[in-house]
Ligand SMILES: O=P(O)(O)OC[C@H]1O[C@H](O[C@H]2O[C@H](CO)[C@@H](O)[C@H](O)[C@H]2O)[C@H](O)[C@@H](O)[C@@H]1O
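The form predicted alone is given below as one chain in structure tokens.
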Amino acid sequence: MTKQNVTVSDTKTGFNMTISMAVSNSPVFVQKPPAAPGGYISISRKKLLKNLEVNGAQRINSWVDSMRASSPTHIKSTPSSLTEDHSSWMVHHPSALEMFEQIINASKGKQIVMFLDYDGTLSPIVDDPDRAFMSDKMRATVKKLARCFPTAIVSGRCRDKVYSFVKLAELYYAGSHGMDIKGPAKGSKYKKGGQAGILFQPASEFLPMIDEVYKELVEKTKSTPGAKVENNRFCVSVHFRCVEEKKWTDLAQQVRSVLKDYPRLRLSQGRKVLEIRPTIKWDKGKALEFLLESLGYANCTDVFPVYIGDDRTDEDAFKILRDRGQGFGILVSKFPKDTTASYSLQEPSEVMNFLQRLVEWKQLAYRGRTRM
């Protein structure tokens, strides 16, 4: 009889747990978890190995199902049912443009703080993530927005990459799903005291591990045409937008084969992307709260945060706003999605129109005060 380490997987979270058990060709005795000390169950070696194989297959199937759900390649509904579903969804998530006056009325007497996702919000979704450029008109709009309200870009991308796209030094940037936050070097005119700039990186200890996993994933996914691995410094993104759907299972198996050796990393999913992140309790919602606190609005009732995003990872921020009972979340989507956002916009062009209206409203309000 020998002792072997066996990895047991949680199909819901994708986490791995290694347990030590005695294995022989005769019946195997596995000690139960600490909740039931002293108890043993008897299973055969053949059945044990089969169960581990089945659990692995189930996790892969679960990942692929989730990939399809978050990244549909075609619309399954009929045109009539799609219209009906969309109309019903819009009742609960009306257009932020059509409800603009209501949003403004709710913000009166409060400081608006803007939080913006990048891909799919300020720039269109493109096949090559390195070419997700925002338009000059959108950049000019965001620049004007930052003059009127404290503004932050919150993205899954590496902070430096997002900055290279946006190129506006007056903004706050939260890259890698908020695990890399930096404020303007000269501070913000809206900040209530405190030091001029901020730099917050709660997952710094994971940097060597992230680099290691990135290199392994690049090597593993070479055999899958269209797959692209992006190092976002504090997380790794595996893009499958250009991968044929029939190859998604192979890609999921390749990612799993790497992740199984890194229990301190977890998998999450977005639009045509698998995200590998540290297991720390940090996300875009936590980043939103950190930035509000950095600006001096931690426990204030006179703040009105507005978060605009298009991805599943933005739901963490939408939920924070709903739980706080402050401000609103706005989902960017042409199709109905499960969301905790209060309002919706269909595409980046509508986002730009909404931001422009905010700027115009603020400028008119300022002129009105100066004339008094």
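Predicted model only: the values in this text are computed from it and were never measured. Quick note: we count residues from 1 along the sequence shown, nothing fancier.
Below, we turn to the form predicted together with the named molecule, even though it does not appear here.
Scanning 98, 293, 244, 127 against the named molecule in the predicted complex with a 4.5 Å heavy atom cut-off leaves one residue, 127. This chain appears without its partner; in the predicted complex, the one residue of 145, 213, 132, 203 with a heavy atom within 4.5 Å of the named molecule is 132. By the criterion of a heavy atom within 4.5 Å, residue 237 is counted among the residues contacting the named molecule in the predicted complex. Under a 4.5 angstroms non-hydrogen atom cutoff, the named molecule in the predicted complex has residue 230 among its neighbouring residues. Contact annotation for residue 157: at least one heavy atom lies within 4.5 Å of the named molecule in the predicted complex. Although the partner is absent here, residue 119 is a contact residue: one of its heavy atoms lies within 4.5 angstroms of the named molecule in the predicted complex. Of the candidate stretches 147 to 155, 244 to 252, 214 to 222, 86 to 94, only 147 to 155 has residues whose heavy atoms lie within 4.5 Å of the named molecule in the predicted complex. Residues of 258 to 282 placing a heavy atom within 4.5 Å of the named molecule in the predicted complex, in sequence order: 271, 272, 273, 275.
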